[in-house]
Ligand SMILES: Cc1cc2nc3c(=O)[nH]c(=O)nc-3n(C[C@H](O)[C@H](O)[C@H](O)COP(=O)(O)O)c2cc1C
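The chain below stands alone and is given in structure tokens; this is the form predicted on its own.
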């Protein structure tokens, strides 16, 4: 399977988590890309790769700065993501109950609206916890891989 790990970040935490997920995937997979959302053309997304998105939340539940250009390009192009499968890992702080992990949900809604299918559990890291984001993401990854290995339903 081919993997693309995309990250949207404000302070670098999502990038570190994405790099750790990419390194873990490379232990068993040959084709793994890790990229910043701001450097990703939404038209390049498709069913040929399994996409993992790691995205933080900024301000009042907004996208982080590096995800904004991607979201704007996405909204302008509205790519057909039929057949694309993906997993989502969001970062946030439960102190901000109403906006917790909303940054990732902005991307999730866009992908789903364009026909992509999210598989596996929605991963989340709470900045108010004592857990390290990469530790939580690496514990989450096996469940995602198990779900990704299952054939897509029609």
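Note that the structure is predicted; figures quoted are calculated from it, not measured. Positions refer to the first chain, counted from 1.
Not pictured, yet referred to below: the form predicted in complex with the ligand.
Partner contacts here mean any heavy atom within 4.5 Å of the ligand in the predicted complex, and among 114 to 122, 45 to 53, 97 to 105, 28 to 36 they occur only in 97 to 105. Of the heavy atoms in residue 20, none are within 4.5 Å of the ligand in the predicted complex. The ligand is not shown here, but in the predicted complex it comes within 4.5 Å of a heavy atom of residue 13. The ligand in the predicted complex is approached by residue 61, whose closest heavy atom lies within 4.5 angstroms of it. Within this chain, residue 41 is remote from the site of the ligand in the predicted complex, having no heavy atom within 4.5 Å. Using a 4.5 Å cut-off on any heavy atom, the one residue of 103 to 128 that reaches the ligand in the predicted complex is 127.
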